[in-house]
Every structure is written in structure tokens, then in C-alpha cells.
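First comes one chain, alone, set out as C-alpha cells in the form predicted on its own.
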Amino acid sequence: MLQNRFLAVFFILFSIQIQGQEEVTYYKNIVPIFNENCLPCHRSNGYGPFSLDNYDDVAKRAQFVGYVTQQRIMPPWKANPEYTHFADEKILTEAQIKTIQDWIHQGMPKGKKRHAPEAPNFDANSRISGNPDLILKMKEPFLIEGKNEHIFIAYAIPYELEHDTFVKAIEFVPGNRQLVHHNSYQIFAVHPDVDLSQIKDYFVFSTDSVDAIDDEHDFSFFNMYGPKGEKPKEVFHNGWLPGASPQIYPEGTGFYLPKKGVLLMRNFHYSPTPIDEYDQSEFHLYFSEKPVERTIRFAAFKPTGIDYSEDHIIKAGTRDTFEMNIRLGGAVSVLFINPHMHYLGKTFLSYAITPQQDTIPLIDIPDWDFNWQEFYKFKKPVILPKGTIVYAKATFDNTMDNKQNPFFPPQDVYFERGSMTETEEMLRLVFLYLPYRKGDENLKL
């Protein structure tokens, strides 16, 4: 009898507690969280495998969404926020996670649609709100033959505009999201007399080595030389890796886009497939209303302290560590930072030491994931004076404990042999930067 009274009191108190909670509704409380953190990928025609842009799609996956957000699996963000904070961090707050949990526990009430904020206006296949000013697309779908082999191509996309302009944001949109492994590209201004109709589409590399890229061969093959041998002039250099977000540059920065030019994908890699598939990737460019005063620059650093004339191997069943120490020859303002490894990568840490012996934290990735290789944008430029040492340390795990290991059981894996395939390993640290200018400390990104 006493036990029954105790249970009755418990359920009454529990009901009072639930009734006392503020109702969490989809339109008022969930939509704002999803608009900011989920919809750039999870929407109709988005990158994600399913849509989360309406009540029905969210409600039927509510338990799954509740789990992956509570465990911080989604949204994906690999950089340690306790080491460095970046702009546009994809990290839910504890309050946002609790809001999602409360909504699920309350039975996922809809609420009133008028309480929902306006949805962001994404162009098809884009993660930038608004329509691009220019789309540069591969001319025809490229056949990725089902030979279970890595394919490396160079592909040219010529274009001509009414006048020169400036670009404030750029987004690479892979046509085949499963097979596009990476893409390194440049934009060139060509001589006014170059006939763009004679620009060839592509050629396939016979090797997987990054050393195969050759300006003289490529410019000649694609017919990019002027009538008197005038070389094309590079105006922009960048790259894309799985998980990388579109790049939006701060006001007054970006790059110059010449009236007549060629976007040349110098190093476009497709992963192996057992069946024939196709890809028709494209670039979305967003123009600046004002002239760009400063051009974004690109720098990629390799490991130091190793002899590149010899083969280096990460032995099966072992873990290994590699480092880089780079002394800067001039003062720079770093806007974006991008670490790069393949599937054996495990951790990545980088910081800078100034000539005054100040330590500047750059990035810490305690749990590397090949599928989420972001170009992390600082909240403000990181100022690195001339003579600064940029240090990075990366660990590689070639054991059975590494769930991303491409081999089972583990095999010996070459490191820094020049191969770009994911079955060999490499280490890079990429900066997108500006030569330092007084006042950069106050530039908001």
C-alpha cells in the first residue's frame, strides 16, 4: 500500500515537472538550429544523404538526429575548440543539444509555422546562400572507368566575360561525391589572341606522382600559349578536399578574375570503382561589387627532417610520427589553415613560435577523419612575423585499431613518395594568407 502511494506521488511530481517545462516546438526552436547547422548539407539537392529541411523528414529521423547530435558526431567538426576557435564553427552548444533532446522527449510537437525564421536561400548543389554569379562546369560528363584503379586527370574549363571582375567567394561542387578524391586547381589569364575554342578538355596522367605536373607540357597541350609564346599568368591557386566548405573571403580580399581565362584543374583525382561511373564537377563563383584590393595567396608545407631521396615506410602494425619546422621569410596574415593526411592519419597539431618566443596556437585535430578535411577559417587573421617558426606534428596509425586503415590486415605503407593515392601517405599544412599589412589584426573574417 505504501509502495503504491509512493509511486502515485512520483508520477504526479513527474507530470508536474513535465507540465512545467516550456514546450519545445519544431518551428520555433528546432528550425533555427537546423537552418544554421544542418541545412547547408541536409536539404533537397544537398550534400547530405537525406533532407532535414521539413518537419516530416526530421521527425522520422528524430531518434537518430538526437543520438548523433548528443554524441557530437554531427555536425562534423574535427578541430579542438579548446585549442583554437574558428569562424563558422559547426559546433552545437549544450543548450542547443538539450533543446533537441527536450523536443524529442516531448513528442516532437510541430508548433505554429509562423514562428519559424525565414529559411536560407541556397542555390541547387550549393552551400552558399544566394545564386552564384558564374558557374564554370566540365564540358561533358567524364567517364570514370570501372577498372578499380586510381584516375588522375588535368581538366581545362575556358571562359570569357564581358569585362574583368573580382571574386569574393568560390565553391567547388563535385559531381560524383563518392569518387572525387581531391582537386588542386589554378585560374590563369591568357593572351587576348588565344582561341578558347581550341582549348582541349583534358588528359589522363600515366602516373600518380605529384611530380607529373609540368607547366610547359600542360600549357602546350591545352593550347594556352599566346601567338608569340606568351605564357598564361596565374591569378589564383587553391584546392578542394572531402568535407571542405565553400570559401568566403573578408571584404576587400579575394582574387582578380580576368575577362579571358582558363580554370585548370591540375591534379584531379578519382578513387577506384568496380563499375563505370560519371562525374561532371563545377565551380560556383560569387563576384565582389567592389574591387578586391588584396589577393588571397596559397602555401603548402611538407614534412622536414627527412631525406626525400629515400623511401620512407610506415610499417604494418606500427604507429609513426612526422614533423615540420618552417621558418617564414616574411610577415603574413593567415586567414585559413588546412591540414592534410590520408587514412592512416590519427592526430595533427600545429602552432607557431615567433622570434620573440611567443607561442601562437594554430590547430589541434585529436581524431583525424579523412572525410572531413576542412579549410578552417580564423575569426581574425593570425599574424605571423618574419622569422616565425611554424611547427606541426602528425601521428599515423597503421594498426588494426585504426578503423580507417585501407588495408586489413595492415600492410607496409609508403610515406611521402610523391604518390597522391590514399593507399600511400602524405602530410601537408596549407595556409591561405595575405602578406601582412598594418591593421590586419582588426580584420574580421
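Here the structure is a predicted model, which means the values were calculated and not measured. Each residue number is its position in the shown sequence, starting from 1.
Just so it is clear, the following notes concern the form predicted together with a small molecule, a form of the same protein that is not shown.
- In the predicted bound form, the small molecule stays beyond 4.5 Å of every heavy atom belonging to Gly387.
- Using a 4.5 Å cutoff between non-hydrogen atoms, Leu92 counts as a contact of the small molecule in the predicted bound form.
- Interface membership of Cys41, defined by any non-hydrogen atom within 4.5 Å of the small molecule in the predicted bound form, is confirmed.
- Although the partner is absent here, Pro361 sits far enough away that none of its heavy atoms falls within 4.5 Å of the small molecule in the predicted bound form.
- A heavy atom within 4.5 Å of the small molecule in the predicted bound form is found for one listed residue only; from Asn29, Asn37, Thr395, Asn402, this is Asn37.
- Proximity to the small molecule in the predicted bound form, defined as a heavy atom within 4.5 Å, singles out one entry of Leu52, Ala59, Ile383, Met420, which is Leu52.
- Contact with the small molecule, judged by heavy atoms within 4.5 Å in the predicted bound form, is confined among 67-75, 296-304, 216-224, 353-361 to 67-75.
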